[in-house]
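Coming up is one lone chain in structure tokens, specifically the form predicted on its own.
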């Protein structure tokens, strides 16, 4: 069993009980860690209800990762040194998600990049002076960083930047004994995911195609996060780990014959399986 007794974690991105960040916080706590949360002001009421009377929550401090002053204030208010940092944050304006990427406004592009990717740099810069040797920084990404996912649009670009940031940070802070990794999680129904057009269809398609024939859960992702936070991953840094029920390994979806037949136009002969002459 993984033992994190005496370890202190910073977790950013809890917005509701369905947040992946919340699942990770619970998993770290179950292993013995204590947790300090950084939250966005608009989620305060929900967060207060969620964390009421939970003994492993050391503190809750407002932190808007889009603002340098807010991040600095968080680290001034949160006392002591830390061993684990979890960055589970991603955002793009609805206007950017609702239109083809070619029509993305510059301001919306900048917002998506700042909140989803640059925020990891900002948090790491402020946290590093207080990260203990052997510490672990972790972020969350998605397959849309390297493949086109309908509805994900500019967020895919932001996640690609975040993955690059993960590698750059890992190379930079490794000499301090700090590791930086990312989990590429399959789609999960969260508050943030509800803003992605057609998300329910994406869930269905991935469950159909994934080798495990299901979608992943917060628990699945939290288990991988626990591994990265522990000494079991002491030699792992700069990596992207896919926790997606195996979807990312698939090149052609199962049941291709049936799929192509269903797409044939009326009066048109369905595509036949290629056979040798």
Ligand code: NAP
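Residue numbers count along the first chain shown, from 1. For clarity, every value in this text was computed on a predicted model and none was experimentally measured.
As for the form predicted in complex with the named molecule, it is not shown, yet the points below apply to it.
- Using a 4.5 angstroms threshold between heavy atoms, residue 159 counts as touching the named molecule in the model of the complex.
- Under a 4.5 angstroms non-hydrogen atom cutoff, the named molecule in the model of the complex lacks residue 242 among its neighbouring residues.
- Shown alone here, residue 9 lies farther than 4.5 Å from the named molecule in the model of the complex, counting heavy atoms only.
- Put simply, residue 29 is far from the named molecule in the model of the complex: not one heavy atom of it is within 4.5 Å.
- In short, of 124-132, 171-179, 151-159, 98-106 it is 151-159 that has heavy atoms within 4.5 Å of the named molecule in the model of the complex.
- In the model of the complex, no residue of the candidate spot (120, 163 and 246) has a heavy atom lying within 4.5 Å of the named molecule.
- Of the candidates 66, 57, 210, 226, 66 is the one whose heavy atoms come within 4.5 Å of the named molecule in the model of the complex; the others do not.
- Residues are counted as partner-facing when one of their heavy atoms sits within 4.5 Å of the named molecule in the model of the complex; in 2-18 these are 13, 14, 15, in sequence order.
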